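Just the one chain here, the form predicted on its own, laid out as structure tokens.
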Amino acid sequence: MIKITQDEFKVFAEYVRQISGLCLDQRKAYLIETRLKNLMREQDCDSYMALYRKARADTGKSLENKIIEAIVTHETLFFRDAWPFDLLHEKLLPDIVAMREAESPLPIRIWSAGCATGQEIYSIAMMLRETLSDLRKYAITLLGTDISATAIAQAESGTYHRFETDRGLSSIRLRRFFVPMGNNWQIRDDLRAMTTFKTHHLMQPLRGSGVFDIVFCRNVAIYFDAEGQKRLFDNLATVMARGGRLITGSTESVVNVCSRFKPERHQRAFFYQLR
């Protein structure tokens, strides 16, 4: 494996920040080395500066996209951390229903920003099925976006290996919401029909998708610097309905980053409401 020099790392880390928003410090040099080794071999590059120059010269951005695919973390699982879905079930969905009970059909609009391979937005779809008695009464919009086209392709297929379904799914939910496909499991068609996926860079405004009552953006901001985090939360706020709710990762905070949100608490769960 070719080692990256300190000077190369500075150049490459800035390039990654520009194309993806991800902020890498010197301690992440190993991440570039391990995740780009196959791409270095594929591109016949003997140094990271050679790969950088190739990527910069590629006007079609094919190599840039391959670098993003390799660098971005796709770690996720169904019903990750549990508490955001308890919050959705106990607080956020009932609030929306109570506020809009006179509307028919009643709109519920949720965005999973940085959805990776789709487990989060499908967990939300399952929670809606379990929480709402008759979905015909609702106009539901569920959107999942990610910077990785490969991740979005898997999310759209709704197909997962047994290892992936074993992470966070109970046997009851697996049997209720999935159908077997050889050695894999696929989300039932009615749940897949509830969701829409698109490739999207969170450093850019989301256009053409309307506004959202609830945004899940968890374990994303931790990869950005302060400037990137502010830009991220400003972009989210721009497409949220009045009083919309934002759910971040447990180690992420919007306080002192973006003044457009105020912190709220429900039992042990923290979330943010658009001012």
Partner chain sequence: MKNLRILVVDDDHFLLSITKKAIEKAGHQVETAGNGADALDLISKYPFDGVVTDLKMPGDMDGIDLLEAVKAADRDTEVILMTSHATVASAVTAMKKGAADYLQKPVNFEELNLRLEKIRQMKSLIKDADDLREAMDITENKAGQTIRELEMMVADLQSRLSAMEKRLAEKK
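Residue numbers count along the first chain shown, from 1. Owing to the predicted nature of the structure, the values given are computational and were not obtained by experimental measurement.
Beyond what is shown, the protein has a form predicted together with its partner chain; the following relates to that form.
Peer 1: Is it the case in the model of the complex that 46, 73 and 121 each bring at least one heavy atom within 4.5 Å of its partner chain?
Peer 2: Checking in the model of the complex: none of 46, 73 and 121 is within 4.5 Å of its partner chain.
Peer 1: Only one of 65, 238, 209, 250 comes within 4.5 Å of its partner chain in the model of the complex by heavy atoms, so just point that one out.
Peer 2: By the 4.5 Å heavy-atom cutoff, the listed residue in contact is 250.
Peer 1: Going by heavy atom distances of 4.5 angstroms or less, which of 86, 81, 156, 95 would be at the interface with its partner chain in the model of the complex?
Peer 2: Only one option qualifies, and that one is 81.
Peer 1: So, residue 166 and its partner chain: in the model of the complex, are they within 4.5 Å at any heavy atom pair?
Peer 2: Yes - in the model of the complex, heavy atoms of residue 166 and its partner chain come within 4.5 Å of each other.
Peer 1: Would residue 254 sit within 4.5 Å of its partner chain in the model of the complex, counting heavy atoms only?
Peer 2: The answer is yes: residue 254 has a heavy atom within 4.5 Å of its partner chain.
Peer 1: At the 4.5 Å heavy atom threshold, is residue 204 in contact with its partner chain in the model of the complex?
Peer 2: Heavy-atom contact with its partner chain at 4.5 Å: absent for residue 204.
Peer 1: Does any heavy atom of residue 104 come within 4.5 Å of a heavy atom of its partner chain in the model of the complex?
Peer 2: Output for residue 104 is no: heavy atoms all beyond 4.5 Å of its partner chain.
Peer 1: Just one stretch in 195 to 203, 136 to 144, 178 to 186, 104 to 112 has heavy atoms within 4.5 Å of its partner chain in the model of the complex, so which one is it?
Peer 2: Flagged stretch: 178 to 186.
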